[in-house]
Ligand SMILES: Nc1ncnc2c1ncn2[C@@H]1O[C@H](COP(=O)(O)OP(=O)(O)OP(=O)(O)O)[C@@H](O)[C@H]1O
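Only one chain is included here, represented as structure tokens and corresponding to the form predicted on its own.
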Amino acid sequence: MTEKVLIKRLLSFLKPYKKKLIFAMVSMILVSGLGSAQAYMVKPLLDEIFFKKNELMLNLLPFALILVFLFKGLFYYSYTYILDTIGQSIIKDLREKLFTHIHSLPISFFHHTPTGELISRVINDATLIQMAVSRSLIGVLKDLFQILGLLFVVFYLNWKLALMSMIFLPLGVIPVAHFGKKFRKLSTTNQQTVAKVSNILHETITGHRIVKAFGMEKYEIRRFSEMVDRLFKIIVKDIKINSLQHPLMELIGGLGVAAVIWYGGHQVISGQSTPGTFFSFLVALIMIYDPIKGVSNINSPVQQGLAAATRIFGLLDVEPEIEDKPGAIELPPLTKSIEFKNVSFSYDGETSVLKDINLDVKAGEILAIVGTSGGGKTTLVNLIPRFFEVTNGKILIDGHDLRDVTMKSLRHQLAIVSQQTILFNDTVKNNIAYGDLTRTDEEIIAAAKAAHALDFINELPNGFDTIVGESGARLSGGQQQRLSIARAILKNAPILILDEATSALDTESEREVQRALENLMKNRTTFVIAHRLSTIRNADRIIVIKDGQIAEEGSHDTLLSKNGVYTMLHQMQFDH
């Protein structure tokens, strides 16, 4: 993506704030004009007051100077306040857009994109863009207005001297351009390293139990330290270049001022110019070099912002692989069946995880899915909510192809309870009501009771208002799972997916959860992935998945009599 395209896309975020921006720019121009007036006022100060002893000018000039400072201060406050507000509005808009876009992407995207990298883009990169847009790019405009105003003053005062001093201005552009490329490259590396630091932080904090259990604290500390050290070295390089840029600009400015003093001083001595004109010119020239240095200082954050923009727009440009097709309809409530017709699926487009699956599940039926690990059980049920798109074939609900209905209406009819319980760092009440926070307390309590969770909830310090901690860390595994079941009960969806919902629990917790699941499965079309075969004896039908295909199908007793894969799995669990 070219720099021109990046800047154009960045500036598009300013469109909603166009009126405020115009007011800020007018204030900016007035500040620059009043700054130029301050430089010009040196001429009457010296010529009229100190040399001509003009008493009227002595009385008027201080009053005029106060007014200039007053209005300059007011306009300065206006544009800085507005620009900073716009900058914060941009960062808010950008973060909301990123968050919305991330949640529009399919599950496959999260399989190959580290969480820390996404967090880094939403937090760090968005902040760098805000600095580039609200402070730096707009700061360039402010400095340009100031340069133009002061150039008018110096040319008005002495055009010959002005032309001579302008020789040094192009020299200031050389370090700006040279260092700009270095800043951009360093910033890109910096942000990539920050993302890696964020990822290590996220992994080790969320996986702290495993780190401690395997005694890997020193290893993780060393890994983190190495990454932080790499980040430190990149930042030091940036500081080195930034520190070198300033004295170079000072030197170029100093050369210009020295030349002006030498040439202008000769003009004053020879009588071609007055001391007031000369000193007014000198003040204006010194003031010109200040915004030029400002432009050079802005160079680093602008390049950082452009590098951040490349990464953010790269994420925003990722097209969702799964989305509603034009004209998608609302899916009516399930009444007949869910059909898999010649369904095949591949994650990478090469190796098939599921091959030619044909399955007809009647409304209200409990279908158990068993098989060895890696056979494709979870992948099969993940195709129903369109977490992944079928590679070949189709899935029909009451004859409607899932690709022809809206994802919202499809997922509205689904409830999922998985082995990996997902709870949020919120209250018990809000975790149960997740999906519809308008549900009444009576409905939430009833769902908790049906999930056999009411007793332990009432024993919590604040009952339903107790914060459960990140991923439900303050609850046991069985308690977490029962909250997850209560959430599914409250949703009251006609289709239920249970993905090894009890496999991680101890025997006592499993009994409680199993009773809760029996309440949940009543009058629902249920897909049960089970590791423990004892939990699916009462299923209406069992299918055995092996190497991505349905190897066997039937009731528990029928499958045992076949002496096939199911019998082998059964013997592995029960015949010791």
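Start at 1 with the first residue shown and count on from there. Values in this document were obtained by computation on a predicted structure and should not be read as measured data.
What follows is about the form predicted together with the ligand, which we do not show.
Of the stretches 369-377, 76-84, 321-329, 199-207, only 369-377 has residues with a heavy atom within 4.5 Å of the ligand in the predicted complex. Residue 419 is the only one of 419, 272, 471, 310 with a heavy atom lying within 4.5 Å of the ligand in the predicted complex.
Comment: the ligand is not present in this chain, but in the predicted complex one of 195, 353, 450, 131 has a heavy atom within 4.5 Å of it, namely 353. The ligand is not shown here, and in the predicted complex it never comes within 4.5 Å of any heavy atom of residue 511. The shortest heavy atom separation between residue 111 and the ligand in the predicted complex is within 4.5 Å. Taking non-hydrogen atoms only, residue 531 approaches the ligand to within 4.5 angstroms in the predicted complex. Taking the partner from elsewhere, residue 232 is found to have every heavy atom lying beyond 4.5 Å of the ligand in the predicted complex.
Contacts to the ligand in the predicted complex (heavy atom within 4.5 Å) from stretch 64-86: none.
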